[in-house]
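Take a look at this single chain, the form predicted alone, given in structure tokens.
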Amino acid sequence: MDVKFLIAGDRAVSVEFGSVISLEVNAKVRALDEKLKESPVEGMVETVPTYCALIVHYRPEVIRYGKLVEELQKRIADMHEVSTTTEKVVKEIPVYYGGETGPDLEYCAELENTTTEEIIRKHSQHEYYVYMLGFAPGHPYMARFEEPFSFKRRTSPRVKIPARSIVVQLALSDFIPFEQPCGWNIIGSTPLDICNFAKDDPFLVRAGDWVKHVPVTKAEYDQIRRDVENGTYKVKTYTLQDNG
């Protein structure tokens, strides 16, 4: 297996499994992440999975860089393959499209020379894979593998957009966990919290998850939001059998 170990400052190493964003490369990242959870290296602080690499933060006063690389090589040789096919558990995320919460929906339809209904269909019909979390706590970078949009990010980013916004470009879609800057196109909003530090597990999704966007009406959105705030809403899931 061709793996690169790159110094990332004085307290981290980047373990790179490739330079192409793909399910196969990301599966190797996840496999090492899981192996390190099963068999941690003394002096390791935390791991951060990305598209193609796993960042390993460590304490150099406990373990030196060379020794850490040796330990990581041992675990790579012994790590278990993470399947990208077979059975997938998909989380259903409700989305209210358009209106005040989706100000770019009509603009995106114009860019695609189609209708807003077709933008919603393409966005909500397919499952999305969560490659990584980044930029802000709980902020997922997700992709679908069919019917990508042709438009990219906006030419002028916004300084601040609302929390829980659904933003898109090409085949990518993100949830925005907090009020924050963003240069992507806003087509809707979810009533679910993307990140809630009051919970034991604060993040709505994690790397390796699968997501399906489910269109809801404004009334359904408001009701789900009330349920979330009351602590009674449970995220729905279903199992997808993929023999590809």
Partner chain sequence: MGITVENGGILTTVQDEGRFGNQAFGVSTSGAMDPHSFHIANLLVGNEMTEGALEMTFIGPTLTFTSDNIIAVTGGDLTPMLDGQPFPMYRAVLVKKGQKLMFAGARNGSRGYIAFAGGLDIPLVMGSKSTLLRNHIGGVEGRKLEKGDSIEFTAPKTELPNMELRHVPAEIFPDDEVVLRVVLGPQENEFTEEGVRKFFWYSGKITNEFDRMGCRIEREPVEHAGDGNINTDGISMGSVQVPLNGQPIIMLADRQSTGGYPKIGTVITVDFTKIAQARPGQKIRFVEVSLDLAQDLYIRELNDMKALDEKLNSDC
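Because the structure is predicted, anything quoted here is derived from the model rather than measured. Residue numbers count along the first chain shown, from 1.
The form predicted in complex with its partner chain exists for this protein as well; it is not shown, and the discussion that follows is about that form.
Exercise for the section: Please run the contact check for Leu240 against its partner chain in the predicted complex: heavy atoms, 4.5 angstroms, yes or no? Expected result: No, no contact at 4.5 Å.
Problem - Close approach of Leu32 to its partner chain in the predicted complex, 4.5 Å, heavy atom - result: Result no; Leu32 lies far from its partner chain in the predicted complex.
Problem - Exercise: Trp184 in contact with its partner chain in the predicted complex, heavy atom 4.5 Å - result: No, Trp184 sits far enough from its partner chain in the predicted complex that none of its heavy atoms falls within 4.5 Å.
Problem - its partner chain contact at Glu38 in the predicted complex, heavy atom, 4.5 Å - result: Although its partner chain is absent here, Glu38 would stay clear of it in the predicted complex, with no heavy atoms inside 4.5 Å.
Exercise for the section: Using heavy atoms only and a 4.5 Å cut-off, decide whether all three of Ser124, Leu170 and Tyr233 touch its partner chain in the predicted complex. Expected result: No: none of Ser124, Leu170 and Tyr233 comes within 4.5 Å of its partner chain in the predicted complex.
Problem - Contacting member of Pro148, Pro137, Pro103, Pro162, with respect to its partner chain in the predicted complex [4.5 Å, heavy atom] - result: So the residue touching its partner chain in the predicted complex, by this definition, is Pro137.
Handout entry: Residues of 61-75 having any heavy atom within 4.5 Å of its partner chain in the predicted complex, listed in sequence order
Key = The stretch touches the partner through Glu61, Arg64, Tyr65.
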